[in-house]
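Only one chain is shown below, in structure tokens, and it's the form predicted on its own.
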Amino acid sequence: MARTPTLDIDAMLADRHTRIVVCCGSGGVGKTTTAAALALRAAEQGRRVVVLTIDPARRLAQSLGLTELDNVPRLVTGLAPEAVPGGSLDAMMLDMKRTFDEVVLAHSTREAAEQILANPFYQAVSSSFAGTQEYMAMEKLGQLRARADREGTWDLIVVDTPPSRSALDFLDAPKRLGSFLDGRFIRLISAPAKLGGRAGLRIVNVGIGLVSKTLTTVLGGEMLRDVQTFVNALDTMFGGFRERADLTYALLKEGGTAFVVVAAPERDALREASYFVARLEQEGMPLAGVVVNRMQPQAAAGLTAARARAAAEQLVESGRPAAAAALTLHATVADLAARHRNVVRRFTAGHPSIPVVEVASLAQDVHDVDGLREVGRRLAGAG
């Protein structure tokens, strides 16, 4: 049977043609930590990196030696003394609403922007509309890439994608929100709003319900006025949303982008990874490979779980419970390691050409730069 190719993380990061690395996958598989570890390793190898995370937890900021992460890139100062000169690392966390506000300010007049930002209907859309987080992550990516091209600030952008129920949401979001904010949406909302009265209100409620189930907080005639104001003020911006969604989608398909699918050695996580791999291939997206986090390493490989349990039983009978407990623990660990190997083997059998790197689990959670550095070493096969 052909050997599964190994994902060469260091080669990917060292390739100056690679300008964007997108870490994607289901939630709870270590995606955010992987993105931060890749960014740190690239910076210490001489790249000028910015990492965009979607993780709201303070733990990552603390791991990077920062008091907080927000919508503005912040310099990480904890690079190793032996790092390659010229490298740097900035980190930021997506603020969905603030990014939406930045788009409004950048693409409308001051008067129109003030009307939009103060509008309750806009506030609902920018804060809670399904897909807004995914779309704004791509808006921010576009902003970062434009700044990097304009100012030479960074030569590598690492993106931690939002945790979605479905791994496909991330790829669909730009097109989905672009459709929501194009001319058809204007016709849907503004036409019934102009009718006024209860009949118009009923139609508006139906129209909004078709688009999103979340926008139900504004009621009555006040809602009609908010919708009309929103549509009138934002009318000239809708084409821009669609255009930028298309540009970002094209950017993701460029050869300078590398998608890294992150999974855990569990059937559900690897099933999600399989769906994502298939979708990336279908869309023609440049897939670098798959990272399988939290693999259980097997100590004393020559001692199988069955032999360890048999020996433990003998030790219990001979009155040596402490030694028996150690062997029982080894058997449990060996079973887990075997289970991890089996599920990964099934995944690679279904995707024999996809490069994979297996990352052994750490003894404790990552809580500082040294922990991220160790994750990076293991991602590169050095751990």
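Residue numbers run from 1 along the displayed sequence. What you see is a predicted model, and the numbers here were worked out from it, not measured in a lab.
The following text describes the form predicted together with a small molecule, which does not appear among the structures shown.
Trainee: Please determine, with the chain shown alone, which of 42-50, 321-329, 25-33, 342-350 has non-hydrogen atoms within 4.5 Å of the small molecule in the predicted bound form.
Mentor: One stretch meets the cut-off, namely 25-33.
Trainee: Suppose contact means a heavy atom within 4.5 Å; in the predicted bound form, does that hold for all of 13, 149 and 286 with the small molecule?
Mentor: Verified in the predicted bound form; spot residues all out of contact, no.
Trainee: Taking the small molecule in the predicted bound form as the reference, which of 78, 256, 73, 163 has a non-hydrogen atom within 4.5 Å?
Mentor: Exactly one listed residue reaches within 4.5 Å, namely 163.
Trainee: Which pick from 268, 114, 246, 313 sits with a heavy atom within 4.5 Å of the small molecule in the predicted bound form?
Mentor: Comparing distances to the small molecule in the predicted bound form, the residue within 4.5 Å is 268.
Trainee: I'd like to know whether residue 145 contacts the small molecule in the predicted bound form, with contact meaning heavy atoms within 4.5 angstroms.
Mentor: Although the small molecule is absent here, residue 145 would stay clear of it in the predicted bound form, with no heavy atoms inside 4.5 Å.
Trainee: Does residue 366 reach the small molecule in the predicted bound form, with heavy atoms at most 4.5 Å apart?
Mentor: Close contact exists here: in the predicted bound form, residue 366 approaches the small molecule to within 4.5 Å, heavy atoms only.
Trainee: Quick one: is residue 294 in contact with the small molecule in the predicted bound form, heavy atoms, 4.5 Å cut-off?
Mentor: Contact check for residue 294: yes, within 4.5 Å of the small molecule in the predicted bound form.
Trainee: Would you classify residue 21 as touching the small molecule in the predicted bound form, given a 4.5 Å non-hydrogen atom cut-off?
Mentor: Contact with the small molecule, no.
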